[in-house]
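Here you get one chain, nothing else, as structure tokens; it is the form predicted on its own.
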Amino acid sequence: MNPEQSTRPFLTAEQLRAFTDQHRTVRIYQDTPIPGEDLEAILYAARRAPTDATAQLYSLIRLVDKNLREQVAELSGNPHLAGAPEAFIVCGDLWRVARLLAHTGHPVGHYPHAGIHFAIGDAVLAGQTLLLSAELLGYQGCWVGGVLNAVSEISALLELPERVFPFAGLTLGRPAEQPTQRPRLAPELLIHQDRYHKPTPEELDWALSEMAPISRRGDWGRTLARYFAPGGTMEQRDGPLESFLRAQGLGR
């Protein structure tokens, strides 16, 4: 291939903005399967995602069995994991690299924190590449963080070996709903130049106002508190997750 051809843009900046603005988080899907050719292309793209040290520290568990789907959906509190045309559990996977090391006569080092760090990175890169590729073909999807609501139980159902952990679920399909586009924070709060910019009180007030529509009550601060304040969802998930990771050989 001519080098100029390989670097030729697929989209203009304007087209990229237009495509990005079509993104929606969709949980209600048409009852039509994703054709095998499309699914194969989507999974091919996912496998070509960037990866740390070429190790590919992730696995995608495609949920096909109806009963298994329903159990995972119930445990996670996300019914669309049962009803979507395609559903996956995106996992960080440090087991396979350990097996490869052992197979070639090398011992496995002890690096639980660095391992989790890079395995999550690989899992997110593969999962988001999968979702973006699906969107390019006209599908929509949804990341599902609720797998942490029952991380041990879901891992047992999926028979995950030691050193493998679920990061999130991911559903795909043709949308049967048209959710509104959700707001995002201002670029100044997300994209920093040279040094971290600590927001002023005025910028924080603006952020709360800008994100207010995401909440039914128009109070984004209250929404954040439900997850991140004392007694919130994150605290409830943290202890079981720490115990699970220790049991998987990923703790000290």
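Being a predicted model, the structure only gives us computed values, none of them experimental. In case it trips you up, residue 1 is the first one in the sequence shown, and so on.
Unshown form predicted in complex with a small molecule; subsequent notes refer to it.
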Based on heavy atom distances of 4.5 Å or less, which listed stretch (108-116, 141-149, 82-90, 157-165) is in contact with the small molecule in the predicted complex? 141-149
Tell me, yes or no, whether residue 103 is in contact with the small molecule in the predicted complex, where a contact means a heavy atom of each within 4.5 Å. no
Taking the small molecule as it sits in the predicted complex, is residue 12 near enough to touch it, meaning that at least one heavy atom pair lies within 4.5 angstroms? no
Evaluate residue 184 for contact with the small molecule in the predicted complex, applying a 4.5 angstroms cut-off between non-hydrogen atoms, and reply yes or no. yes
Would you classify residue 78 as touching the small molecule in the predicted complex, given a 4.5 Å non-hydrogen atom cut-off? yes
